[in-house]
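Below are two forms of the same protein chain, given as structure tokens: structure 1, then structure 2.
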Structure 1
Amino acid sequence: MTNEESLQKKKNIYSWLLSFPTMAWLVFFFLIPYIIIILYSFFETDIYDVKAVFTLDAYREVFSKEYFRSFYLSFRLATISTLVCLILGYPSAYLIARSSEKVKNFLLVLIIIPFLTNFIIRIFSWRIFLSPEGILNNLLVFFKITDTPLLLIRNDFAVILVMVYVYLPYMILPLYSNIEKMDFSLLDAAMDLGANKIKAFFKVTLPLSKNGILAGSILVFIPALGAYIIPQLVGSQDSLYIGQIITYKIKNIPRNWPLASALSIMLLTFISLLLVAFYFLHIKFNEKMVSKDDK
């Protein structure tokens, strides 16, 4: 064995040793629990536990109309929340990226501040704010905008509003990180070549920020798809999202752990397929941009 091969072998060993704690953590806290969930999804339900009897009943029940509606509602919620976060987050990220260093740091601190408050407390504050006796309704009645308090909570509007509030920073930060690295002299070059500001944005800024858009969309869409706490605290029981269904099947008696496991597996499969689709769309988009540059 040559010295170069020996050195490479040592590097490989050191790499494995350095990655071992992370791999062990992922296996113990992620892989093993998912294996248990997969096994439970094929078991037979009992009142408080499961019976180790192989059956496909849980997967047959998953494809019923009731659970299809919950998947649809969750997908709609995640899509709307992601689009609203993108519409609000992109201008915010662009403004921060183009600001001076002092203003930039101040705005970033404002975005990060909500993370210093407990997640549940922030949602409860929205419950108080949107309730019929809350601050918003009191102001609307005081200024004669409405005669009676509006129903601003326990509906889909409240869920989307709070969802956007919670996940908007997850959209802004990746976009800001991507836009900040952009060469803004390209915008001046585009306008020198005859493009106006709008055309320069769509031809230069937007394509160059696609990685930030993709990262922010994934960070918002995936947790919003399986959300439980926000729909449970501010949503209506008439619109049960898939995260709520899974929780109810686990904690309510009779417990149905196999069905909850099957729903979790279907949700995981759906998210995985979406990520694969996003990945191939990203590659296709890059290839298209490269082909345009070559022409």
Structure 2
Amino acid sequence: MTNEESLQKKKNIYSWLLSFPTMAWLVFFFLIPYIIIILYSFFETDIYDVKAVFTLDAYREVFSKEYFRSFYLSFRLATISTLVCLILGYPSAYLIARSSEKVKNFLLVLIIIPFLTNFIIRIFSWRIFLSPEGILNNLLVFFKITDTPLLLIRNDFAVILVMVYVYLPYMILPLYSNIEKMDFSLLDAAMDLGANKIKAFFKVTLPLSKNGILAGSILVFIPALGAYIIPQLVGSQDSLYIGQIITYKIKNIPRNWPLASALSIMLLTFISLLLVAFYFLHIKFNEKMVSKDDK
């Protein structure tokens, strides 16, 4: 054995020892719990717990119309809020990225302050703002836009609005860090070669920021799919999102843990498929870039 090989071997042992605590921790608290979810989804329900009897009841129930609607609502929420975040976030990120160093830092802080403010409190602030006795309604009545206060809260619109509000920084920050690294001389080159502003944007800027768009979209879309507390605090009890159903079945009596598990598995499967799709999209984008560079 050469000296180098034995050194590498020694290094590997060190690495194992150093990573073992965390690896064991994540296996026990992250991986095994998912296996338990899978296990529970095949059990029979009890109003407090589960009975360890094999059944497919939970899966049969998952495919009923009621839950299909919840999945649809969550999917719609995720799609719309991702799109709105993108539409609002892209120009903002672009503006920040192209500002001078000093202004840039200030603008970033402006985005980050709400991002670090407690999640529940940000949702709560909208409840106050939109409530029937709230400011917005007072203003609407004062300016005679309506006679009676509008019901602005407890509907799907409020859920989307607050979702966008809470997750907008998650879209802006990755977009910003992507656009900031962009080589803007390419844009100048395109303009010099006669492209107008719009054409230069769609042919140069947008393709170059694909990775940022992808990252931001994942960060908004996936949490939106599993949203619980936003629909719970500003949504209507007539339209329950999948996160609410899962939470109710875990926490409220009569409990139904097998059903909650099966619904979680469906959500997990859907997200995994989505991530695989995103991954291939990401590879395809980058391949295209490389092949373009080769020419």
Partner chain sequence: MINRPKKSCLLNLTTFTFVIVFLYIPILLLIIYSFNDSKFISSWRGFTFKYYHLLFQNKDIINSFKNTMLIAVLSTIFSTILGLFSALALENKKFKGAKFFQGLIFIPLIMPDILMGVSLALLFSFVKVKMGMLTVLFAHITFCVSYTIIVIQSRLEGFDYNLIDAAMDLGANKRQIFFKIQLPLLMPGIIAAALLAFTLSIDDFMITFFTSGRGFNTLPVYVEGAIRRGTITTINALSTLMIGLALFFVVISKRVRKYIINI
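Fair warning: this is a prediction, and the values are worked out from it, not measured in the lab. Between two forms, the rigid core is the largest collection of C-alphas that superpose within 1.5 Å. Residues are numbered by position in structure 1's sequence, first residue being 1.
Open item on the list: I want to make sure I have the labels right. Is the form predicted on its own structure 1, or is it structure 2?
Closed with: The chain shown as structure 1 is the form predicted on its own.
Task: L273: Cα shift of 2 Å or greater between structure 1 and structure 2 (core-aligned) - done: No; that C-alpha moves by less than 2 Å between structure 1 and structure 2.
Task: Core-referenced Cα shift (Å), L18, between structure 1 and structure 2 - done: Spelling it out: core superposed, C-alpha of L18 shifted, distance 4.1 Å.
- [ ] On a rigid core superposition, how far has the CA of K9 moved between structure 1 and structure 2, in Å, if you could check?
- [x] K9 is displaced by 3.1 Å at its C-alpha.
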